[in-house]
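First, one chain by itself in structure tokens, the form predicted alone.
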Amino acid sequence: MHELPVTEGILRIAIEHAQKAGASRITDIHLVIGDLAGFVDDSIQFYFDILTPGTLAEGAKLHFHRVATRLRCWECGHEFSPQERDWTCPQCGATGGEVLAGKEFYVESIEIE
């Protein structure tokens, strides 16, 4: 459900930039979403399809670029990609670490006509 306000934000950003560029329509929107961001691609697409009729983005294609979670171990500094929900460092066995990647969420680019 929290994808609705997020999708409204995506649409607002895309339309603002398209209008500034004098576009007649938006053809593609490229999104970057980290695996820890908690957003579901299908839900964003669902709300996008509901919100866009009659806008510059009607018929635009959404592209989802997923960013995998990447951590730096608190204990030994080893960088690793955790497996599922197991955040155990494969180097030293410590649990957890600094999140280096995976929380991203932004509009990377839009394509217009």
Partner chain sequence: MERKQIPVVERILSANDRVAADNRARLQGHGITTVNIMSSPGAGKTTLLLATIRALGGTCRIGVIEGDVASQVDADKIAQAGVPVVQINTGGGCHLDATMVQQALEALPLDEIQLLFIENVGNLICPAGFDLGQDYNVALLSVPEGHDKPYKYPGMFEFVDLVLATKTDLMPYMDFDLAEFRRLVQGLNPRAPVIPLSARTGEGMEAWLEWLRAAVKGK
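For clarity, every value in this text was computed on a predicted model and none was experimentally measured. Positions refer to the first chain, counted from 1.
Below, we turn to the form predicted together with its partner chain, even though it does not appear here.
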- According to a 4.5 angstroms non-hydrogen atom cut-off, is residue 41 in contact with its partner chain in the model of the complex? no
- Is residue 74 close enough to its partner chain in the model of the complex to count, meaning some heavy atom within 4.5 Å? yes
- Are any of the heavy atoms in residue 56 no more than 4.5 Å from a heavy atom of its partner chain in the model of the complex? no
- So in the model of the complex, does any heavy atom of residue 28 sit within 4.5 Å of its partner chain? yes
- For the heavy atom contacts within 4.5 Å of its partner chain in the model of the complex, list the residues of 91 to 113 involved, in sequence order. 95, 96, 99, 103, 105, 106, 107, 108, 109, 110, 111, 112, 113
